[in-house]
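What follows is a single chain, given as structure tokens, in the form predicted on its own.
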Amino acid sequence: MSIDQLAETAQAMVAAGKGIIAIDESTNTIKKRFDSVGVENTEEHRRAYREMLLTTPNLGEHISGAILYDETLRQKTRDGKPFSLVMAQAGIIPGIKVDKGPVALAGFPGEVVTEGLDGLRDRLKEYATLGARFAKWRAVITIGDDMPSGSCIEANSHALARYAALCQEQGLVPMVEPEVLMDGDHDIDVCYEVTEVTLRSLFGALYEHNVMLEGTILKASMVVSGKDCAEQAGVEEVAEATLRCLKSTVPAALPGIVFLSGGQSDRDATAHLDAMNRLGPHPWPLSFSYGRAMQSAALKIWAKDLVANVAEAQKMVHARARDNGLAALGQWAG
């Protein structure tokens, strides 16, 4: 695929008023979500849940793409239609999570590096034939005593860059996600410093690996107070700090930035995105790639009756998509 086609896909992912729904939870992660609402974690339940999300009427009005898990990309609706086809018909671009998750970084207690580069070229090739048009890789950066180390940031940036280059080689748009975790009692200034260093390192590594920024999307964490910090920054402060950090680190050539919700409440995730877009215009579109903040309310409704409550749960999915789509335009009423 040419750089023009990659750029076209990347631009479609951040089309005005649209964002991305992340439904790429691993089997272990979805088990935790299902356990919290009393649903047994079987393949059929996972399939039915993802079908409920992906067949939400008019979802494509506010959702440009969906990040899937390996199992989901291979699944079909109850009446036998592949999910990738359902998405294509709704104008939603299929994406795939390709990392194998974080493991302990040897020599650096408490820090992690993401694995999954071994065999990645062949996996990407297969995912492209299954209909995926973009991929996602998440790195995890933890703030703590003497953390993160430069080595941890460098190791994760290097892995993200190698992954991104392999994606583009196979015609997939790489979504690079360096998540600075909210866990901890640090204040917003510490989060700003760590996010800035992380993004500088990431874009340096992407440059060194000849990754074409025009065909790349950044999935960023917002600059927020640690969740155990006594003083929580307000919506405006988060919006301003996040924008200042992005403008000092992210090249304007990037087609767009989508934010992760990262443990924020549904309302906070939407309010922060809306506040940032009200402070525009910016060098790039700012949109969303939310998982929990898009799904949690709908999951609770669906869990009460997996068959009878599908339509009710879908109304909630659409409402969350609409709210965040408006926030991506700076037009959310709150």
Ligand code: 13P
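These numbers were taken from a predicted model, which means no experiment stands behind them. Residue numbers here begin at 1 and follow the sequence given.
Another form, the form predicted together with the ligand, is not on view; read the next lines as being about it.
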Can you pick out, from Pro178, Pro94, Gly262, Gly256, the residue that has a heavy atom within 4.5 Å of the ligand in the predicted complex? Gly262
Could you tell me if Arg292 has a non-hydrogen atom within 4.5 Å of the ligand in the predicted complex? yes
Contact flag, Val317 vs the ligand in the predicted complex, heavy atom cut 4.5 Å: no
With the partner left out of view, is Arg133 within 4.5 angstroms of the ligand in the predicted complex by any non-hydrogen atom? no
May I ask you to state whether Asp323 is within 4.5 Å of the ligand in the predicted complex, using heavy atom distances? no
Which of 53-61, 282-290, 39-47, 305-313 lines the interface with the ligand in the predicted complex (heavy atom within 4.5 Å): 282-290
Using a 4.5 Å cut-off on heavy atoms, what residues in 18-47 are near the ligand in the predicted complex? Ala22, Asp24
